[in-house]
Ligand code: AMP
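Presented below, as structure tokens, is a lone chain in the form predicted alone.
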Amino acid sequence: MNILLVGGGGREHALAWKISQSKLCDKLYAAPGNPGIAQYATCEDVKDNDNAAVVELAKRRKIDLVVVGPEEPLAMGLADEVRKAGILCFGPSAAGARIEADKAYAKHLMQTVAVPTAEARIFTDLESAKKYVLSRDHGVAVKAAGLAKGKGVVVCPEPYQAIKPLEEMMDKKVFGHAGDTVIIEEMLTGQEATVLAFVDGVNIFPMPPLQDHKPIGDGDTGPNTGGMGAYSPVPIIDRPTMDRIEREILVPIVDAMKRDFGRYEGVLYTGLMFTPAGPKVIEFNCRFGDPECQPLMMRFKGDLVEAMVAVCKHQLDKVNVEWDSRPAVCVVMSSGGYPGDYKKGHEITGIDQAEALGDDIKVFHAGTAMMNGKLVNTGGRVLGVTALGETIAAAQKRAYQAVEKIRWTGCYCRKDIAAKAIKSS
């Protein structure tokens, strides 16, 4: 098969690495890709959010399967356009992508089928939203309803703290039109975790659970980011808990989407908070997470393309996917200043030395580019240094050993990725 991977971040590098290993993959292209992806694919100068250009490229390169990584093109209907062209596409329709692109819609859908989630109110008027939070006695979470690249959530332990983010989202438009509608939820407490699943519209194949680290600072301090690291599996999620998540959350929401618009096809990402009352949904996403995809692909055994084609052909029940028993830990290395302003163009060194430590280590590119023959940082999240180990502690140690080999001016990473798992194990 000729395969086109849409996207150019760390998630897509991990997918490209695994797709290239498939016996079904004859030629891999990426739009636009990155220097890491270029090791496995022919990178094309096509933006991932230019649907017409992506479809034209797929036709020109005689693509048999398009794999869409990011949420934005999915929300814009790329999967619909690809399928109209008669090409298989791994990723949900625009209707399916609403589960992430419109958090108000997702909240309504959860409420209709009694999926456990935080109590919430939806607002389109700033003054009404401010009045509501000031009437609350307990903490709240303020969420931009639209796509905000993982940064549109502010947790406010005291209700008055919600005034500033509400003004920034709804009045100052720091997230553009994503903040035209906001959701104000009760603040949930507990440990967060993520469960992703392959979904073909009917069949559901859950993947091993992960835990992401959203805040920028050690100890979960500071502003939220797109994710500073992740590990898998998660000690707080045992087999009975996974069965409960599938029974009470995944099955009802997939069935609800099927009744609402038809088959949801692709990956369904479920962000969970493990409260004293049990797991509750924080959010759904319509694609692999980033950085969750990196440790998942390290643990994935088998043919990823085979699984993706089975999703596209509604034959997921015929595929058997296995996972490496070893845990995986991903540490994100970011540009200094992220998630605020940061400087670009600094030369990155040491990746070869990091990967030379062993086959259990892989460095995935996220925000990098080649400039005058040198690899430089171009994004906030730059690299995802990922390692396997016999235990979570061993995987963490290997990941940080690799991190120590890599340098550029101002580089930063959290020092406590997976510490919660090690403490609880």
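This one's a predicted model, so the numbers in the text were calculated from it and none came from an experiment. All residue numbers refer to positions in the sequence shown, first residue = 1.
Keep in mind that the form predicted in complex with the ligand is not shown, yet the notes after this line are about it.
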Could you confirm whether Ala118 comes within 4.5 Å of the ligand in the predicted bound form, counting heavy atoms only? yes
Closest heavy atom of Arg83 to the ligand in the predicted bound form, within 4.5 Å or not? no
My question is simply whether Lys214 lines the interface with the ligand in the predicted bound form - judged by any non-hydrogen atom within 4.5 Å. yes
Interface membership of Glu306, the ligand in the predicted bound form, 4.5 Å heavy atom rule: no
Which one of Leu126, Ile163, Ile282, Val113 is close to the ligand in the predicted bound form, taking close to mean a heavy atom within 4.5 Å? Ile282
Answer with one of Ile351, Val254, Leu147, Leu188: the residue that has a non-hydrogen atom within 4.5 Å of the ligand in the predicted bound form. Leu188
If contact means a heavy atom within 4.5 Å, which one of 178-186, 254-262, 84-92, 319-327 is the stretch that engages the ligand in the predicted bound form? 178-186
Heavy atoms within 4.5 Å of the ligand in the predicted bound form is the criterion; list the residues of 250-280 that meet it. Met273
